[in-house]
Ligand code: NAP
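Below, in structure tokens: the form predicted on its own, a single chain.
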């Protein structure tokens, strides 16, 4: 058996077609495109590459993208003030903060300064709480991408035994919540899990998001499982995921490649949330008027 390569592009293309149409409709109604501000603090080269890639995607979708760059010496008070200024700017619909952050800056403090309607990373306390209550507004894009890819794999998520390896608030935990809300039976594993292989072998749907290349080997995967790899680590051999792909492909029914799997869908989900933020803000302004 050779696993189906679960490519992200077909899923991303469907999302992009929808959000591009919505962005065009927004422009026609309001005389401006939806607008995203991307905040970069410091000069991390990977963040710069990702920002350029995101800006290209925004242009293709009809979204305005502003690269707001601050120096690595920026203190937290100044960074928060910049975020609050963008939060108050009626011409900015969405804000995201690139990571990694320079030492001394707390991500939570910066995220808390973003108005929840503009928090398209889905990491503010309000958006996290809405997700936990099953009333999601904006959610972490990679987590949503994983759920969409699970559905695209052909597996019936409702009732499936799902195991999520990793509990970060950016990927693992929100993915587990969304799978639970889709009626999967979910186990979350982490560094204190006593026997990781025993847990992962139980999974019909295995989600991995820890940033440890090759962590999941073939003997840790049940035959016929769907494996979604959200790990991305830059190595001397290029970008690698958390799954030993060549070995696991001989066991699994479907496997997301790295790159080319979760990444394209994550970008499309993020842009979809930018458009949704613009629409929600416009509707709110209409009600206020």
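Positions refer to the first chain, counted from 1. Bear in mind the structure is a predicted one, so any value in this text is a computation, not a measurement.
There is another form of this protein, the form predicted together with the ligand, and it is not shown here; the text below is about that form.
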Partner contact for residue 111 in the predicted complex: the ligand, 4.5 angstroms, heavy atom: no
Is there any non-hydrogen atom of residue 156 lying within 4.5 Å of the ligand in the predicted complex? no
I'd like to know whether residue 74 contacts the ligand in the predicted complex, with contact meaning heavy atoms within 4.5 angstroms. no
Is it the case that residue 214, even though its partner is missing from this view, gets within 4.5 Å of the ligand in the predicted complex, heavy atoms only? no
Where does the ligand sit in the predicted complex: which of 77-85, 188-196, 175-183, 121-129, heavy atoms within 4.5 Å? 188-196
Only hit among 165, 95, 162, 150 for heavy atom within 4.5 Å of the ligand in the predicted complex is 165
Of the residues spanning 225-250, the ones with some heavy atom within 4.5 Å of the ligand in the predicted complex are 230, 231, 232, 233
